[in-house]
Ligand code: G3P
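Next up: a single chain in structure tokens, the form predicted alone.
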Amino acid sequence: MKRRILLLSALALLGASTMPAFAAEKKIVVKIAGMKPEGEPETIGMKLFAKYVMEGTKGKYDVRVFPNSQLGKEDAYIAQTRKGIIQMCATGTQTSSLFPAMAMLETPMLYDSLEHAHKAMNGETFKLINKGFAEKSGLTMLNAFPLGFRHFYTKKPISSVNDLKGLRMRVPNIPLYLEFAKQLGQSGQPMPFAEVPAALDQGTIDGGDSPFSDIVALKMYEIAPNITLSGHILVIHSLYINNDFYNKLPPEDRKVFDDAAKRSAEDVWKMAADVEKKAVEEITKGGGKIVTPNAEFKAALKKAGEGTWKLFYDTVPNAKEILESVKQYQ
């Protein structure tokens, strides 16, 4: 009996001594929320980031990706990330409600090409937009990657900027987008993107504008088959991380997170042109008609885009510096 008691006591002590080791091996869960469905650039970027972090830390972190608004709409999961309920999220200019300069990520008619934007987002422009954001928002912006240029899709053919005037066009409920529609003489109709197909069917709107990835995802070209390659706004999203969580990461882990963010963003930039090419093929095969605006049309779009920039001058102290910085990358 004594021997049995001694054996049980030894096992109990052994168990107690090994508990901290088991606890140390427990993976740290990192949740990332996003709004886009599977297969879209945002979701691809989140999954690549997760892969690189888990590889770089040898599985120390269990990075879980929740796309397609599984953890709520953008405003809700941004708020959860700020509070530390979840650790990370992906979003675009929704963060401009916290820090107005973030709206300038999608400045109309600012970039000549993906290459131009890529250089700006890897350079001074990104730094100037991001300056002071972390202190104001409670979030750190880790990268910037493209969802694609926005193009018009309409029920009727568009051959000049005058054909856009008076059209009821769906726009995101963002002042910048509403102002751009106004500058073009359109009637901007704010509504969630998911409601667009039904609104087109019912004749509530005449069209809208979206990146190719969204146009293809909802097969918008089947309802509004006329696609105008206006490329008036480049949609840029980013990965954001809760400041407290990020700042408490061990230095070696923080470096892995930073490198994973940069690497995943570069992957998305590289695939962006290919995504557009494949989208054009799918739209054309599906009966859509794609038209490239002439020089006069492009000039009118440029003028309308620059007409929206006044919104930044009133809200972003370094707006002119940001706009000037882009020129060096042309």
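Quantities reported herein were computed from a predicted structural model and do not represent experimental measurements. Start at 1 and count along the sequence shown; that's the residue number.
This protein has a second form, the form predicted together with ligand G3P, left out of what is shown; the following refers to that one.
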{"query": "Touches ligand G3P in the model of the complex: E74 (any heavy atom, 4.5 Å)", "finding": "yes"}
{"query": "4.5 Å heavy atom contact, I174 to ligand G3P in the model of the complex", "finding": "yes"}
{"query": "4.5 Å heavy atom contact, H232 and ligand G3P in the model of the complex", "finding": "no"}
{"query": "N143, heavy atom within 4.5 angstroms of ligand G3P in the model of the complex", "finding": "no"}
{"query": "Heavy atom within 4.5 Å of ligand G3P in the model of the complex - residue from Y246, F133, F126, F193", "finding": "F193"}
{"query": "One residue of I236, M169, L200, A260 in contact with ligand G3P, assessed in the model of the complex (non-hydrogen atom, 4.5 angstroms)", "finding": "I236"}
{"query": "Stretch in contact, per heavy atom within 4.5 angstroms of ligand G3P in the model of the complex, of 282 to 290, 295 to 303, 31 to 39, 44 to 52", "finding": "31 to 39"}
{"query": "In the model of the complex: members of 84 to 118 within 4.5 Å of ligand G3P, any heavy atom", "finding": "G92, T93, Q94, E106"}
